[in-house]
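A single chain comes next, written as structure tokens; it is the form predicted on its own.
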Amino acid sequence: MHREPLPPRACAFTRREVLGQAVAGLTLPWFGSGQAGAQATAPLTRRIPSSGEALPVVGLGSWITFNVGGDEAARAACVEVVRAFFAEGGRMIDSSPMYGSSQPTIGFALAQIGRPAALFSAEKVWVGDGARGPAQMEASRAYWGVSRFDLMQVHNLLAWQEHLPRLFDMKAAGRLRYVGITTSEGRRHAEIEHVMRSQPIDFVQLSYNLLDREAEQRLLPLAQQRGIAVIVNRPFREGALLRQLARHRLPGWAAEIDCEHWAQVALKFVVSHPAVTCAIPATSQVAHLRQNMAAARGPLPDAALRSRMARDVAAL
């Protein structure tokens, strides 16, 4: 995978940080002049294999949390989450027609904060009749208020044989930048693998977390082999993992990777896998958003610590 030369960093790395980021293949943030020893403001990024474009390793999902309908207070809270997301250096926001009112909520938030140029818009087509795909995608684009989407994904492989050829044509015409497919909750991995092997997709989105690790067996290695970017959904099992972990104190090794919350532990485990491009936790709270984005900074676990993290969490 091509990577441009990295600018020099003005402070030394710890052994753990060197090993962790070497394993992850990350682009490191730069400390400007006069900032030696200070925490970098830019999040860690990983490059999209098909283009070399760098994306922050933590993005923002919208399943459930942005489905707020006409609740003005809830919608205003979502605006503040999106505002904080970009202030923390975020780029990728992911949604779907399946997610209720999440799309217009995102569009409203983007309009309120001035439509940041950094936005990487990730959407999905989710309709069983391929002929209805263009109308659905156009409706999604209007909700977001963008001129085009950066990434369009076939949601849960629904009618992928019909949708993918159209998406590839849209990409060739400059109406999309990237094409992908998605699955969730460990479903349809065999079919996902078939598409990854047979189609020139840029992205695959799948579920992966400290407890759900089936993707490590075939899909993540295949993504590396085929040069396919990986988006991880359900890094917290829709919050169930964090609720379970909250009953326990953070292990001593959490300090080695600058984790103050279980959410950061869970995310650093996910994004430190060298095949993972971006994780997309969803939240409706600014404080949780900032905790999540902190996982895109500082040292990441190396292979040995990743193994220990998985063992320790499984034993809790």
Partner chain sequence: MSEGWTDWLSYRPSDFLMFSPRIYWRLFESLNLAFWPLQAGIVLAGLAWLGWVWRDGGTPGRSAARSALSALALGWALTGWAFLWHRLAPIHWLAGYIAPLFLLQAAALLALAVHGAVQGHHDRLRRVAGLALLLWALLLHPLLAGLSGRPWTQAEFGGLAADPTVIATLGLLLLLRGPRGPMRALWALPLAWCMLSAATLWTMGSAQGWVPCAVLLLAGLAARRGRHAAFAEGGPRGHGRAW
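All values derive from a computational prediction rather than experimental measurement. Residue numbers count along the first chain shown, from 1.
There is another form of the same protein, the form predicted together with the partner chain; it is not shown, and what comes next is about it.
Screening 256 to 264, 270 to 278, 43 to 51, 57 to 65 for residues having heavy atoms within 4.5 Å of the partner chain in the predicted bound form returns a single hit, 57 to 65.
Although the partner is absent from the chain shown here, none of 161, 197 and 303 has a heavy atom within 4.5 Å of the partner chain in the predicted bound form. Contact annotation for residue 117: none of its heavy atoms lies within 4.5 Å of the partner chain in the predicted bound form. The partner chain in the predicted bound form comes within 4.5 Å of a heavy atom belonging to residue 187. Interface membership of residue 234, defined by any non-hydrogen atom within 4.5 Å of the partner chain in the predicted bound form, is confirmed. Not displayed here, the partner chain is approached by residue 98 to within 4.5 Å at the level of heavy atoms in the predicted bound form. For the residues 149, 203, 126, 208, the 4.5 Å heavy atom test against the partner chain in the predicted bound form is passed only by 126. This chain lacks the partner; the member of 245, 222, 74, 84 within 4.5 angstroms of the partner chain in the predicted bound form by a non-hydrogen atom is 74.
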